[in-house]
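In structure tokens, the next block holds one chain alone, the form predicted alone.
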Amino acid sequence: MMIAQMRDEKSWIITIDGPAGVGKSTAARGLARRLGAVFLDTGAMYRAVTLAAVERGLDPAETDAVAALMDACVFEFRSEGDAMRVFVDGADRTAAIRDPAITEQVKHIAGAPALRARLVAMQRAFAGGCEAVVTEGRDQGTVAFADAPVKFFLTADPVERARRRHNELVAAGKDIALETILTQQQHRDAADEGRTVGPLKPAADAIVLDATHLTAEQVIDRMEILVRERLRATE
């Protein structure tokens, strides 16, 4: 499905890309809330497929087996306020997909071109049913929604990113060392930046924001101002 077919002249999509732990989900969720848009959590989609594979005894690195699984399973993503709930074959798996062990396996799905193409199609299908969307990921502004009117690329110091992710996991009751988070993050960054399909990089027309010394609210404030300015200019 082409993006142009999916969107009417009154709809719009805002993309937020960047590395793991930079605060994309928090920024996208908050920006969507302020703009009255739907939040599309692409990471949840990758995690849902990974979780389904692992729970069925499949190796996420086995592309053909995972592709067959995606055909056999029903993945449903529901927007609820500023969150997105995840269902696999009718079961709510929103919490389960956040397990660090699942996150560590996502790289296999993300790095497989055939599976990545399926996930992009899934993202476009979700957005196709919405009037306004704020989406976050690695290739939202470069591949999935290359014609989005406003694109952001968030960056932050690697240690600060790891610290924020560690705090989130501890708050969620996960027992994991900061050093482990930093190591996993380094490996994931290398994989994201080095893959041949949808590599992590800013779109040519993306607005780059360094969030190292900004609070989540400050990031959202800056984004909201820029989005409203851009959207007014295109009216």
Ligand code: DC
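Small disclaimer: the values here were computed from a predicted structure and weren't measured. Start at 1 with the first residue shown and count on from there.
Although not depicted, the form predicted together with the named molecule is the subject of the following passage.
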So, in the model of the complex, is Arg93 in contact with the named molecule at a 4.5 angstroms heavy atom limit? no
Using a 4.5 Å heavy atom cut-off, state whether Arg98 contacts the named molecule in the model of the complex. yes
Can you tell me whether Arg138 touches the named molecule? I mean in the model of the complex, with a 4.5 angstroms heavy atom cut-off. yes
Considering only heavy atoms, tell me if Gly43 and the named molecule come within 4.5 Å of each other in the model of the complex. yes
Residue among Val106, Ala162, Cys130, Val88 with a heavy atom within 4.5 Å of the named molecule in the model of the complex: Val106
Thinking of the named molecule in the model of the complex, which stretch from 28 to 36, 170 to 178, 203 to 211, 45 to 53 has heavy atoms inside 4.5 Å of it? 45 to 53
Whether Ala110, Arg188 and Asp192 jointly form a contact site for the named molecule in the model of the complex is the question; each needs a heavy atom within 4.5 Å. yes
